[in-house]
Each structure stands twice: as structure tokens, then as C-alpha cells.
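Take a look at this single chain in C-alpha cells; it is the form predicted on its own.
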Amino acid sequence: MKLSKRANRIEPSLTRKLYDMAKSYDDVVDFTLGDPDYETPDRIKEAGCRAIREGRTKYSENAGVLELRKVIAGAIAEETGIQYDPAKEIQITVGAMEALFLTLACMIDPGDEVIIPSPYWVNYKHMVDFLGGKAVLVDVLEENDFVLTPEDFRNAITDKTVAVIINSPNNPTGAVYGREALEGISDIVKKNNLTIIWDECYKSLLYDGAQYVSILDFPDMKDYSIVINSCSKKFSMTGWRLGYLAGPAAFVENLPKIQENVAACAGVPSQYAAIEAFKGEDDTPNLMRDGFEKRRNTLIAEIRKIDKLSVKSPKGTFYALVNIKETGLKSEEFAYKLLESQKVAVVPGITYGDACEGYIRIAFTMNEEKIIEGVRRIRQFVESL
């Protein structure tokens, strides 16, 4: 059977590889996937079950249930003051991953370039490659807090550049973009008539009292931005696969015809659960943020006790990049040997680009007791080298 060149270009991520390998071990401490251990709140679960019981199990519009689009437009307006037309400027998707895929599919022609700060979430590059575009990777450095500088962004632009993808807070680095960097980036986007694909999926997970800065906070950026988010992190709904995007009508109105040929629509019970997620009230998002902040603090304190390892405290998300360069091991070698000898699974930094070699990513999505035990094993491994 023939296999397309496109399929051959895409390689499984090392994140999933290490996750799958960890399943073959007993008593493993798994730091690989960003899947929170918090339950979806009961009120949201019940809304999904109620939708099923009431027969809301048919197709919705390709763009999604209009009531949900209205609720999301209202939430964006409340947070940013920016108004989106629910009927023309909001698209409901199968998770934020499909929101990104639909956006790129609607934007990229063969040879078009998309700038991606590196380290990067691996699916960004894979999707651009899959669609025939060219991912232009721009290294961002630990000494610059893993944030793309306006100067480096400007220098990466060519006459083939169509967009830049910014993820804030960032996976895998935990970096959060501040006002100064975003002001410079937004000015360059407008000057060069580009689009910024703004992935804000982790914006509910900010620490140390940080205030979130949105790309929509800058003048006229609604016209140059596709804003992508999901229910996965804020409401602990990863398996419900419910995401969305917001953007200018002239662009977003084209997405339903692509959605029709990809997934028809997001799962309808999940859409009604999402309506409850946005409209209902409980303190779950704040409780999760506070819980992850405590876990972060525990992880950072324990890692800093290990000679040859260092870590910069992430400002957001539930990921930390740990610098392993002093061990002399490449990140893949470190991860495989650690799993084999200590039954601890981490993600090799190289999966997030060459700029991330010399690091491992740890997801602090389990309780503090497990984190302490996992880091104890990492310390034992490093001391045995």
C-alpha cells in the first residue's frame, strides 16, 4: 500500500514515545504528559451527561453551537474589551490542536513560512510541515527567559513569511510574554501585514501574582490575530476535546468549509458541557492554579538540591525545563537511562528543537508526594553518573 510523502515526513514525538515506554514499567513516576490529575468539575460533567440524556447528540453547525460561540465571545469581551461576532468570528474545534490545524490549513500555501520560537510545542512544526509550509525556527535563550525578542523576530521575516506562532504561557518552557516584548512584536506584525497565531491555552496558570498580557491588549491587533484556546487546562477537560478560536470575520468565515471536511463539528455533548464551564461559577480554576503553584515550588526546590542540574522557575503552565548540560549527557540518553535505571519518565529536550538540547521537560501534574519521590530518583541517577 502506498504511503504518502506527507505521512513519511511526520515523526511521532518523543513525548509520546517516552510516555508509551513508561507504561511497560511498574512503579513508574511519569513526568511526561501535560494531563492534569484534577477532575473535571461535577457541574460540567453533569451538563455533558444532561446533553446526552436530552438527545443533544446530533451534528451541530460546522462552526459549532451558536450558544457556545456567544458565551465565548462574551468571555473574551469581558477579559479584553474586544468584541467578536459569535456568528462570524468564533469557530468551535476539536481541542485547541484542531483550532491550530484549521488556522494553518486556511492560511498556508506551499512554501509559505511560519516563524516559530524554539523551544516549541512539537505539533506547531509538524502541522506546518504537513501542510506544505516551512517552519522557520528562531532560537530563544534561557538568559532571555525563553522569550522571542522583537529584533530576532524582525530578522527572521522574509517575503514568504505569513505568520508567527506565539504561545504564552509557553509549553515547554513555562515562559510568559510581557508587555514590552509583545508591544514590539505586535508593531512588527502590523508593519509587515502578518498574522500572529496566539495560543493562550495556559493563561489560567500564572504564578507569583503575574497578570496576563494578551495580544489583544495592543491597538488594532484583533485584525492581525487568531486567538486560540480550549477548555482543557482551565477546566481540566483534556479528554472532552473542546477548543475554539477567534479572529477577523473575513478569515474565520472560511473555516467551517474546512471543518466540514475534517471533523464536521466538535462533539455536541462536549459543546454543551463547555457552555456550563464558561457560564457556571466555581473556584476550580483558582484552586488548580494554586495547587500547581505549590507543586511547582516543590519541584524547583527539590531539583535545586541536585548537583549538575539547574532550573529556572516557570512563570506559568505546569512544565519546567531542567538544565542537564553539566551531566555531559544528551537529553535522549539522559531520559532513556533515567527510565531504565530509576523508572522515572521525562521528555528529552531535543523533541522541542535543537535549542532545547541539554534540557529535559518535567510536567508537575501529580501530587507533591510523587514529585518528591520522582526527584529523589533523579538525584540518585545523577549521583550515579
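Start at 1 with the first residue shown and count on from there. Predicted model only: the values in this text are computed from it and were never measured.
Form predicted together with a small molecule: not shown, discussed below.
Taking the partner from the other structure, the small molecule in the model of the complex has no heavy atom within 4.5 Å of any heavy atom of residue 117. At least one heavy atom of residue 233 is located within 4.5 Å of the small molecule in the model of the complex. For residue 95, a non-hydrogen atom is located within 4.5 Å of the small molecule in the model of the complex, even though that partner is not displayed.
In the model of the complex, the small molecule lies farther than 4.5 Å from every heavy atom of residue 140.
Contact with the small molecule in the model of the complex, defined as a heavy atom within 4.5 Å, holds for exactly one of 270, 259, 103, 167, namely 167.
Scanning 197, 299, 201, 252 against the small molecule in the model of the complex with a 4.5 Å heavy atom cut-off leaves one residue, 201. Heavy atoms of every residue among 124, 241 and 319 are located within 4.5 Å of the small molecule in the model of the complex.
In summary, the region of this chain contacting the small molecule in the model of the complex, judged by heavy atoms within 4.5 Å and restricted to 283 to 291, 81 to 89, 201 to 209, 299 to 307, corresponds to 201 to 209.
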